[in-house]
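Okay, so here's just one chain, in structure tokens, the form predicted on its own.
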């Protein structure tokens, strides 16, 4: 690998360290009774509220529709994801130092596949919470109503508007993949 593509790949790999200090995703709920909004951050190993009581308030609101509590301890992924991110960082740095164009392509492929698996898992998590309701305990019962927030974007759910977007850690991962592709493009162009 030439110096430019190597440097770009090192930056792409180290950029993923931001996932350890910033949330990966953010979900915000807005409603007339919560004008300041309620929100939660999804980290690589935890879920927290935007504000100290937000997660607790989201769980209280969710009880009205029969949704189970959002409890970070119930997600085994949080024990695995920090190691997956570390693997991607280490593999990227190793590729920058010792690898070539083919290994770089493998790094990009592995990264993209793992990111897609993560997004699919997040979608499944949203689906489970929004569809598998305890109707017997729900105070609000609307036949055939589901409460799945969007994977990405905005959605109205009863009197709430839900927003779901990448946070700084997720943006860093996206930029890292793009930088990896730029590095590969530079290498592929050089080898022609």
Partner chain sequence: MNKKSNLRAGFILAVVALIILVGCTGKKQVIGDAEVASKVYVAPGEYDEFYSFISGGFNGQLSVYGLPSGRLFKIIPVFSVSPENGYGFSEETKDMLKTSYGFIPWDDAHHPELSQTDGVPDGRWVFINANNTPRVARIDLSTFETEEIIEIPNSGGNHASPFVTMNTEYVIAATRFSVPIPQEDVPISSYKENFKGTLTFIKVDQETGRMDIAFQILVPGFDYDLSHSGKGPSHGWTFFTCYNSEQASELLEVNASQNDKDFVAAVNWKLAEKYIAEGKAREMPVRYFDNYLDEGTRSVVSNEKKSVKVLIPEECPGLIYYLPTPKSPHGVDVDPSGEYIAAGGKLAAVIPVHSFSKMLKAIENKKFSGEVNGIPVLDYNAILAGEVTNCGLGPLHTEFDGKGYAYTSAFISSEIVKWKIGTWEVVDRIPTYYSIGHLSIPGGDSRKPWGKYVIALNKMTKDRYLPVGPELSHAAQLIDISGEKMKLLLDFPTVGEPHYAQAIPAEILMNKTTKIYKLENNTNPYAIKSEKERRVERKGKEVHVYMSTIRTHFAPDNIEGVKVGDKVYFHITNLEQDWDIPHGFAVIGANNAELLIMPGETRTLTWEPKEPGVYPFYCTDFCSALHQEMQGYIRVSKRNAKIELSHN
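The shown structure was predicted, so the numbers you read here are calculated from the model rather than taken from an experiment. Numbering follows the first chain given and starts at 1.
The protein also exists as the form predicted together with the partner chain; that form is not presented, and the subsequent description refers to it.
Is every one of 7, 94 and 113 within 4.5 Å of the partner chain in the predicted bound form, counting heavy atoms? The answer is no; none of 7, 94 and 113 reaches the partner chain.
Since the chain is shown here on its own, which stretch among 142 to 150, 56 to 64, 126 to 134, 40 to 48 would lie within 4.5 Å of the partner chain in the predicted bound form, judged by heavy atoms? The contacting stretch is 56 to 64.
Non-hydrogen atom contact residue 34 with the partner chain in the predicted bound form at 4.5 angstroms: So residue 34 counts as contacting the partner chain.
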